[in-house]
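Single chain ahead, by itself, as C-alpha cells, in the form predicted alone.
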C-alpha cells in the first residue's frame, strides 16, 4: 500500500529445533513510530534481523518502501539506518572519525560527506565534541553519536534497538526529544524495540507485542490499555487457596502467582473493591495488601505474555553494559 513504509506478510523463520517467527504479518505506516515488544525468545530480534536483510526468512514477504527486501536487499539497505542495543561506536576514534567511517560504509558521496556529518553532529548537539576521543564521551553522548551516524545517509526508516537503555533520566529525555524531532521534521519512519514501558507509551503511535514467535496484539497504547476492560487491583494473601478462590469467584487474573500476590482486572475498581474484599473474607481469605491503579502498558504486556517485560538476562546485561560505560567515561 502507498501509505506503508514497511509491509510484512506471513513471515516465518524456522531453525532446526525451533520456529522463531511464526506467520507474522504487520505494516508500519510512513512517518509512524512503531514499537515492537516481546519477552526474550519472542522472535522480535529475528524479525528485526530479517527486516534488516541480515537473516533470510524461511517464507513470507518483506517490502521496504515498495522495495522487495528479499530479492533486492542492497537497495532496501540504503533506505534505512540501524542503531543496535550494544555499543557500536569505536572509543579509539574521535566522534568525527566514527561519523566518517559510517558515511563511507553507506557510500555517501565524497563531496557530500563533510556537510552531512556536520549537520548530523549539530542536530544531536555534538559539534563541540566532534574531535574528542569517543572513549571520553558519556554513555548518553555515545548514544547520540550512534543516532547521528545513521543520519548521514538520510534514512527513510530508522531501526532503534533499546534507544535509551542504561541512560540517566536527563540523557534519556534528550534522546526521546530527538526521536520525536526526527519524526516531526523529517517524516522518518521509526521502529523501536524497548523494555521501557514509559518510553513505548510516550514515543510509539502503535505497538505490536510478540510472544512465542507470534504477533499476539497490535494497537495504539491507549487502545491496548483499555482492552484489558477495567482497573488493575493488586492484592496479596498468604491464605492457602487464595488464588484458586479468586478464579472461582470469576475474577479475571492477568498473571498467576506463587508468592501470594496477584493482579486482576476489575471493572470500576473503586466500587468493586469492597465487594471483592467482602467475598474473600466470607470464604476465610485474609487479605494482607490491596491497591488500585489504571492499566499500564506493563500490565498489557503481562496480560498477553505472562511475564514482566524486564525479566531476562540479555536485557539486564545490556543495560548494565551501558551504565558501566557511562560510569567509566
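Positions refer to the first chain, counted from 1. Note that the structure is a prediction, hence the values are computed from the model and not measured.
Note that the form predicted in complex with a small molecule isn't included here; everything after this is about it.
A.B. asks: Between 279, 272, 45, 296, only one gets a heavy atom within 4.5 angstroms of the small molecule in the predicted bound form; which residue is that?
C.D. replies: Spelling it out, the residue with a heavy atom inside the cut-off is 45.
A.B. asks: Of the listed stretches (33-41, 281-289, 59-67, 299-307), which one has a non-hydrogen atom within 4.5 Å of the small molecule in the predicted bound form?
C.D. replies: In the other structure, the partner sits against 33-41.
A.B. asks: With the partner left out here, check for me: in the predicted bound form, does some heavy atom of residue 20 sit within 4.5 Å of the small molecule?
C.D. replies: Contact check for residue 20: yes, within 4.5 Å of the small molecule in the predicted bound form.
A.B. asks: Is there any non-hydrogen atom of residue 195 lying within 4.5 Å of the small molecule in the predicted bound form?
C.D. replies: Contact check for residue 195: yes, within 4.5 Å of the small molecule in the predicted bound form.
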